[in-house]
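One chain is shown next in structure tokens, namely the form predicted alone.
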């Protein structure tokens, strides 16, 4: 979750990590002469993992919205790896886009962002309350400000090879982390397919390690935002990951990037990964045979709970220096109110933060003609029962953001798994780093 530096999602999987920009706007034409729209709205977004979404958003949705609102809308799409650098550049110049999409909570940019309380209030009047995950990812309880607005999030289910797990007696896949360790080791010994969970400085590793921690009852902070990393539960989680690596994985996970698990799963090289449905959507298009073998299951249970994380959190920021603040807010209200369209256009990648916007969600994901089988995505219908935010049980604050973006916990788990440090030493080193980071942001008054 980056701050003013290029960190957290800079290693994310995306085609074209550089800036792939498209300026597609809604220009109103009056017969007989060119007519410049009265207002302009500039939007920056990532290059979506589902290309059909960008096609719909850029060429249909913003064009129609612009015509209705007498506004010329320009959309710039950049690779997700460039988002933090672009945000920092716009802040430095105090000039840029009116509406800026982060794919994670951006609390370190709070001082440059407009309070989005009124956007939440207007959408809530129309659609009822947003899910807790949205608030935890865009609100700072210390300053009582909404530094961003979240219309949607992306679930992070378990992707597993059904044929391989059937060989070790689990045709419906693992249900617990202990089963991943034990059965994953059996599969590796029997077929040569290791468990595919990263231990590198990249986003998916950060998500996976927190998923395991939270399932073990371990946390970076408590619900009040106080550092809570140094605990018996964290130590148990570290020891579990060390055992998982030693028994069921291979050393290549130490050098993975964020698309390595995608590639390994689609190439048929690993037995199980944690990832969004981008893996299965890609497989459906590129390799239908492997698509039939890759199935999904919900969050795995640890000693304390079954819990997972969001894979991507769509957080829109309106800069204080934006030229069309009112238009940006109006766009967000309209886009969110009509969220069934992006849900379908994105092939179910983005789930609504206001559930009433997609009242037939359960029906849609239970019968998808692209899926193998048709009800493959039905497993996500209760995602709100197990998906949580980075920083759980507290809010995604600036300290949590920096801890994620500088890979403090990734390094902690990797050092213990590789034997570079004992679990106790790795925990102590991470705790020291976290204390420094929390101290810095508390001093700034943002935590």
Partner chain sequence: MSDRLATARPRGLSFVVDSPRWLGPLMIGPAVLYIVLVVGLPFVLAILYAFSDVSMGHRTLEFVGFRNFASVLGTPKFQTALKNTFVFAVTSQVLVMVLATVLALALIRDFHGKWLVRLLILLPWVAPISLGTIGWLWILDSTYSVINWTLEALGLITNEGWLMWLGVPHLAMASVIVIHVWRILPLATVILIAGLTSIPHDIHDAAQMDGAGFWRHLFQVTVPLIRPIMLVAGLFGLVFAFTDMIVIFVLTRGGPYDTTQVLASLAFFTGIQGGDLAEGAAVALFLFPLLVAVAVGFLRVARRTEVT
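Bear in mind that the values here come from a model prediction, so they are computed numbers and not experimental data. Residue numbers count along the first chain shown, from 1.
Below: the form predicted in complex with the partner chain, not depicted.
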(request) Please name which of the stretches 43 to 51, 385 to 393, 408 to 416, 64 to 72 has residues with heavy atoms lying within 4.5 Å of the partner chain in the predicted bound form. (result) 408 to 416
(message) Can you tell me whether residue 304 touches the partner chain? I mean in the predicted bound form, with a 4.5 angstroms heavy atom cut-off.
(response) no
(request) Examine residue 334 and determine whether its closest non-hydrogen atom to the partner chain in the predicted bound form is within 4.5 angstroms. (result) no
(request) Answer with yes or no whether residue 292 is in contact with the partner chain in the predicted bound form, where contact means some heavy atom within 4.5 Å. (result) no
(request) Answer yes if any heavy atom of residue 88 is within 4.5 Å of a heavy atom of the partner chain in the predicted bound form; otherwise answer no. (result) yes
(message) Checking a candidate spot here: are 127, 211 and 360 all in contact with the partner chain in the predicted bound form (at least one heavy atom each within 4.5 Å)?
(response) no
(request) Go through 372, 330, 239, 269 and name the one with a heavy atom inside 4.5 Å of the partner chain in the predicted bound form. (result) 269
(request) Sort through 348, 177, 139, 109 and report the residue having a heavy atom within 4.5 Å of the partner chain in the predicted bound form. (result) 109
(message) If you apply a 4.5 angstroms heavy atom cut-off, which residues in 420 to 447 are near the partner chain in the predicted bound form?
(response) 420, 429, 436, 440, 441, 443, 444
